[in-house]
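Take a look at this single chain, the form predicted alone, given in structure tokens.
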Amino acid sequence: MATEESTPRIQLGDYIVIQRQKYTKLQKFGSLDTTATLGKETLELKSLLDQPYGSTFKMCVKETKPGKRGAQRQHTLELCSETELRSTREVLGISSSGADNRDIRDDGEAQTLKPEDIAQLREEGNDSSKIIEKLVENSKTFHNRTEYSQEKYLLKKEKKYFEFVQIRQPTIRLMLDIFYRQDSEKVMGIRVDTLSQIISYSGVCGFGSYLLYESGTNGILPAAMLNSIGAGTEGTLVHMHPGNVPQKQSLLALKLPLEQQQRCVSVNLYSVLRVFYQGEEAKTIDLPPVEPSEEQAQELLTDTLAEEQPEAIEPITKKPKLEEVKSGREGAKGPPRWHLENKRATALMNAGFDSLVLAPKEHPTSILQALLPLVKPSRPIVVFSTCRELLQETFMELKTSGKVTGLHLTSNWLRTYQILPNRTHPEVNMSGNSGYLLTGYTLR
């Protein structure tokens, strides 16, 4: 059991996960003036400083402002105890229920409270339990409902008037669930079950060196692999990407130890391959030999920031021009960072890798052909793609070449279940396909 001293505490610059019932949001706690928005609610986060992760806070209304989509409420957060988190049914002391719902009609006249009365209760700063109590008292049909129907009604009202938030420490699963819910394309449609299979098939552990190429997953893939390598181990990760700046938001949100972060070498794919094959001739060039277009570079720069600026992970409002980036590099003293990273990656490439993971938006065949010679014999390779046809072509190419054996092309299917007494069943809404995996083992 963890002691109070060993429990991690919230500090300035940390990423935090704000959870309100089933809704979660990733937020950076950059300063004491930081605020977070949950729908129409705005939360002041300054009271979170030095509080342990996992704490629950009560949202106390500070002021209410009129807005285009209704009243916008600003809240302060107060640390609350477990006794305040009792279920609404216990607080209201509801004991009676009906036998069935056959006499209940949804005619809109069951609730005698008007929307204006409910809005006034909220403006007066009443607790959610008091508002729900008023709704129950003024409902003509509540006590005629079955126990299950009553609980469903209370849960629906709790979701709307719930006033507690929990602050959680970011994890791979939490961040992936948040990114996938917001926009699955930002993580290339990779679901948590697919990510677990990628990590399992690749055999990532605390020993050896591993090669990863991905075209943009908000840093989830390198963060998951580096997390599996662990702190205080000998494992290293070479993270190749197509742009000038790697996506590292998830890596920095995990707040890994510095020595563990330094064992992740992020390099541009085209630049490091040229250095690897041409040697010292390519190292004299001031800029990476192959660069994306100006539009692509600007998009990558707004998505992520370099490791030297961990306090500015949020997307910047003004997009820097490519010419400004170039002039900044030319004016810097000493070799640029990408030059040093290329040198480290080249040394690892010469030694060979123990695993290869690809998650490209491009056709994977050409990239696989370029990186496959860098992998040692009898080592696993994993290729992820959202398109089955691309992996089928890659499958046939590898089958013909004879460089990889044990080839398997699979797809994942996941359905979540509601687990409740006498009400266990699959959830009504489910996600579809989460991409395809091509796996195999290298030969000499």
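Numbering starts at 1 and runs along the sequence shown. It should be emphasised that the depicted structure is a prediction, and the values quoted were computed from it without experimental measurement.
Separately, the form predicted together with a further copy of the same chain exists; it is not shown, and the next lines address it.
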Worksheet entry | Residue contact check: Arg415 to a further copy of the same chain in the predicted complex, 4.5 Å heavy atom | yes
Discussion item. Given that a further copy of the same chain is not shown alongside this chain, does Lys40 nevertheless sit within 4.5 Å of it in the predicted complex, heavy atom to heavy atom?
Written reply: no
Discussion item. I'd like to know if Gln392 sits close to a further copy of the same chain in the predicted complex, meaning any non-hydrogen atom pair within 4.5 angstroms.
Written reply: yes
Worksheet item: Lys62: heavy atom within 4.5 Å of a further copy of the same chain in the predicted complex?
Response: no
